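One chain comes next, on its own, written as structure tokens: the form predicted alone.
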């Protein structure tokens, strides 16, 4: 591969690995907030246990995901300085908003939620996790705003050799954003719901003693995943109304067609299975024949999310900014094959390792079950064991 292909491959690999963390964060955050709300309103130990168990999985994924996001930031300076020079005044605005407003606030409220157990008043503590959810969604909104600008450069004009922002409102109402953002949120709900489903089915199949705990989690996950896949598909199809003429044409169509087929097949598979399961949701925790199916489907939303992102980006080639800046012109000058290969191997190794660690830590929590949790423990030496039933 030449330098350009190596740089594209590097961004594709690191972007895909990073998105694995992001899509789970977007899905688990509202679910944990709902669980915490139920606990705050009812005071039942069961809901406290669900909040702590799924909250600990959320925190693990969030903490490791932060590092993968930092690697993404490095790439703009290392490999794509041409983009920063040409459109940094426009493209940098949503990225800055994501960092300053969304990410910093999200981290702050998450820290208050993690360390506020048994310290903050009940409703102040609850407000923290809802603010975490809102800021996580705000973070996704600003990132998708930046990506939508690359797809459809609205609100900016070319002056000299640079683009300048002239209408921030046009960025907010970009036709490439208004359908893509809820599409991503739906994918997050689908992912978060399926993690609940797969983990709960695993525990129930092992006849874990926390039957009521994981039965409720399984039902919640099935409903959430069904809503998520429906929203994802609805807004996914709606996006085609905002696709610029010429996108997915020629070589791009040939490259994206296999991805489109796999995405359609996977979405229909998930939709059919989940909507078949919905009518039997009350007995589903006892339907042992269904548990292997649900466990096997757990990776599906992660795979579909990566394929969908790849299709969106492949369709725009050879443009970095549609009909304004090519990918070749956006690449940093002076790069050599050796430099890009070394950074590709290094980034892929770090992010791959983080993905493996994330999986191992989450799997360990799931195998152990809702016992000896660190999140919400009264002391670090003696973690509280949440009640497992009413």
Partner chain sequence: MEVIWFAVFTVLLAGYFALEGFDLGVGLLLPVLGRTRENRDRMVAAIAPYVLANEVWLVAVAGTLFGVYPLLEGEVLFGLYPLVVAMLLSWILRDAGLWFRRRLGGSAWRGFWDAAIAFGSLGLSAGWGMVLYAAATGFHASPVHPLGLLLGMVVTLLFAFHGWTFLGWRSPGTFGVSRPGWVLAASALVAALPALGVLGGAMPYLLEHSAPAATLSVLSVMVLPVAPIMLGAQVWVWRTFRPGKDAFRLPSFF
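Not measured: the values here are computed from a predicted model. Numbering follows the first chain given and starts at 1.
The same protein also has a form predicted together with its partner chain, omitted here; what follows describes it.
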Would residue 43 count as a contact of its partner chain in the predicted complex, using a 4.5 angstroms cut-off between non-hydrogen atoms? no
Given that the partner is absent here, does residue 77 sit within 4.5 Å of its partner chain in the predicted complex, heavy atoms only? yes
Against its partner chain in the predicted complex, would residue 318 count as a contact residue? Criterion: heavy atoms within 4.5 Å. no
For residue 142, is any heavy atom within 4.5 Å of its partner chain in the predicted complex, or not? yes
Of the listed stretches (237 to 245, 175 to 183, 93 to 101, 307 to 315), which one has a non-hydrogen atom within 4.5 Å of its partner chain in the predicted complex? 93 to 101
If you check 26, 325, 33, 60 against its partner chain in the predicted complex, which one has a heavy atom within 4.5 Å? 60
Proximity to its partner chain in the predicted complex, single hit among 215, 107, 209, 252 (heavy atom within 4.5 Å): 107
Judged by heavy atom distances of 4.5 Å or less, which residues of 101 to 122 approach its partner chain in the predicted complex? 101, 103, 104, 105, 107, 108, 109, 110, 111, 112, 114, 115, 116, 117, 118, 119, 120
